[in-house]
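Taking the form predicted alone, here's one chain by itself in structure tokens.
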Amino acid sequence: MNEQLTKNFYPGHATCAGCGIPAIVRHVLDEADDSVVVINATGCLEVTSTLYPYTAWKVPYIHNAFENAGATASGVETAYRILKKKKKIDKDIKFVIFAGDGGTYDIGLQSLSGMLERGHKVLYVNYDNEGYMNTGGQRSGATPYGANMTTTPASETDIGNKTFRKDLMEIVKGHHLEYLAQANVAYIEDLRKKTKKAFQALEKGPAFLLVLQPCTNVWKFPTSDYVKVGKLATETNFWPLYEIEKDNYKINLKIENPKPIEEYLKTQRRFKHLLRPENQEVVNYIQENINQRWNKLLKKAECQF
């Protein structure tokens, strides 16, 4: 493995085979030019990287509860600014939060909003695997419509999760950040470019990255397929790659001939029930929602030119 990529996050953690979280962490931290302090909400990354008495972290690291990553980072960043003003610290430090969707969309949303509203210079990275994967695969505010999860199980008479995922990008965008972006672990170069922009934006305030992280354990696909599944999420317009800079939208990859959503659904057992003939209307409904959201995004991006 590239030694540069392991300088901040070391091999030997316990993430599942086929998990993309380590790739997200390594490539995000590799774009930091300064020293880094990591704040990590309870979740998959925390439990697999800090198995006592071992740790995969090579940087100062703070573990906090599900709900308070934003508050923890706010306090640490404020203390740093005060100490630097008093000349007790002379080096530049970047503060990075890593949190899953449970600690971001749901339990930690209030703390995240407070941090953004106050303008703390922190990069918040949400690795989004669309559920509470660390505690058994319960649905979260990021879970797609129709997904078979432990708290929204599918059956002969039930399609599974009955709500569409929260539009977290729009929620965060409402805080008027200098920079936020939606990325995908299957498109590493795009993620790195967005991370670089996010770190540069910290000069003026917080930045936010929402990164899709396919979960082989709960989504139920072969461990070697996380890049394939991630790419299909973007190739079907389920997960567009775009950024919002100073409230201006920019689409980073336009799929000329998007694949039907069935191509994405059929790669995962959590959607297996939707592919039965009697659920075709449900699939059509999901496709209509994707088309509507994509067209809205196109209009938001086009009106910037």
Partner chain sequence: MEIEHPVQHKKEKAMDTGNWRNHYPVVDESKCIACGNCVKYCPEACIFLDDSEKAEASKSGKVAKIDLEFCKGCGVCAQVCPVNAISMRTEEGGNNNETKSKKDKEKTN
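Numbering follows the first chain given and starts at 1. Keep in mind it's a predicted model, so treat the numbers as computed, not measured.
As for the form predicted in complex with its partner chain, it is not shown, yet the points below apply to it.
- Proximity to its partner chain in the predicted complex, defined as a heavy atom within 4.5 Å, singles out one entry of Y179, Y187, W219, F199, which is Y187.
- Residues L5, G12 and D225 are all found to lie within 4.5 Å of its partner chain in the predicted complex, as judged by heavy atom distances.
- Heavy atoms within 4.5 Å of its partner chain in the predicted complex belong, among the stretches 235-243, 47-55, 62-70, 254-262, to residues of 47-55.
- Contact check for A23: a heavy atom falls within 4.5 Å of its partner chain in the predicted complex.
- Mapping the unseen interface onto this chain, R270 falls outside it, with no heavy atom inside 4.5 Å of its partner chain in the predicted complex.
- In the predicted complex, its partner chain lies within 4.5 Å of some heavy atom of K231.
- Contact annotation for I82: none of its heavy atoms lies within 4.5 Å of its partner chain in the predicted complex.
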